[in-house]
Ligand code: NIG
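Next up: just one chain, as structure tokens, the form predicted on its own.
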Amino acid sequence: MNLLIKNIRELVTVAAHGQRFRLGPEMKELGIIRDAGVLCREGKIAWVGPMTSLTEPLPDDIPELDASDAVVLPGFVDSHTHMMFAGDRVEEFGLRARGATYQEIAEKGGGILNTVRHVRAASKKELKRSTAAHLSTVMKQGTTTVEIKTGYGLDMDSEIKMLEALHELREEEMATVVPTFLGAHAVPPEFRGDADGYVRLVCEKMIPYAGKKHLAVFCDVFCEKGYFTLPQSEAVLSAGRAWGMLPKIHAEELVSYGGAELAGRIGAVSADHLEHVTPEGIRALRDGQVVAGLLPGVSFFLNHGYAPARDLIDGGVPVAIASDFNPGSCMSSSMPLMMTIACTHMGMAPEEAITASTLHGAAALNLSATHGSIEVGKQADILIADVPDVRHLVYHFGTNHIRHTVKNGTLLEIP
């Protein structure tokens, strides 16, 4: 809980100075301090600055970590994942490699519904065990806060099973776990041809149960052609909000559909995917102060178009990057890899990608007051990286450069 990281060659604070996020050119301002130190007390950051300004005598029992050969930065915040799943979809990966599209596979009973069958058959204990293993992996890769969605149950018992498993992991794991209810991820086979009937089940049964038990922070919906319409999506998000869950939305992944405009109008915390967002949608996100959650790994893995990151940033929208780790459309949880793809395929600068993966990831979870930057009073979630400067985390891809992960001021030994 107490730790002094001293003599830091390059401290990347991503300081927000009380703002929820940083817009436009500010995304490139990383707040770098050389020959710096960070003091952690009781899990929070108590002091940040050049070593020459540390004049307060410290107790002898505070552990010290020398980082004179390292870069120190905030822990990554992965604001969009489907990390809790069972089984795999490696057969579908092979089909796509031979030319089948994601939509074609889904129409034949694959895709989301393939994973639903596995999750329904899995016990809560099995789901917790596999998710805990994924959490250990992402902590080694530098992710200290992760959002995890339901949405692979699609019936009352299975969705609640997932929510209860997430609630228990939130209490048991070192990583900060943010649970999101995504009962409206797809229409299950039992309701084929009756999406409205399934939406009623989500709104009248699932959401009230989750709300009464305080099992989810957010309510999400897959607002997309062939999944849930704009009126259905708004009904789900309104019901979630009535039960204390903040709205998030999957929007504009497959076609331009109006999900971004809906997100702006209702004040969603984030709208994610946005591969087909329109100029009107960008303005709606800007006006509604909605974080745009971009998922580079999905476009890379499915080999389809990328979200217009430059248009969003230049249009005054706060942009976050997340992994969307899931068995079907992005089987990777590496935030540094997502940053590399964002730079090579989406026109983002390395500095923007770092802000998008830390401070703005926290903003996409309504946590930027406490997470996502190295500032006094914030959670002491910190990475020590073996790179000459922070841009190498993005430039030198395919290697884990994280030497140490500090969570809540504790230097972790991750198995």
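Numbers follow the displayed sequence, beginning with 1. Values in this document were obtained by computation on a predicted structure and should not be read as measured data.
The following text describes the form predicted in complex with the named molecule, which does not appear among the structures shown.
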Partner-free chain; cross-checking the named molecule in the predicted complex, the single residue of T176, S334, N326, T180 with a heavy atom within 4.5 Å is N326
Taking 4.5 Å between heavy atoms as the contact cutoff, choose which of Y102, Y198, F218, Y257 touches the named molecule in the predicted complex. Y102
Could you confirm whether M245 comes within 4.5 Å of the named molecule in the predicted complex, counting heavy atoms only? no
Might V202 be said to contact the named molecule in the predicted complex, defining contact as any heavy atom within 4.5 Å? no
Although the named molecule is absent from this view, report whether D78 comes within 4.5 Å of it in the predicted complex, heavy atoms only. no
Any non-hydrogen atom of E159 within 4.5 angstroms of the named molecule in the predicted complex: no
At 4.5 Å between heavy atoms, only one of the stretches 308-316, 263-271, 231-239, 81-89 reaches the named molecule in the predicted complex; which one is it? 81-89
Does any residue in 231-260 get within 4.5 Å of the named molecule in the predicted complex, counting heavy atoms only, and if so which ones? H250, E253
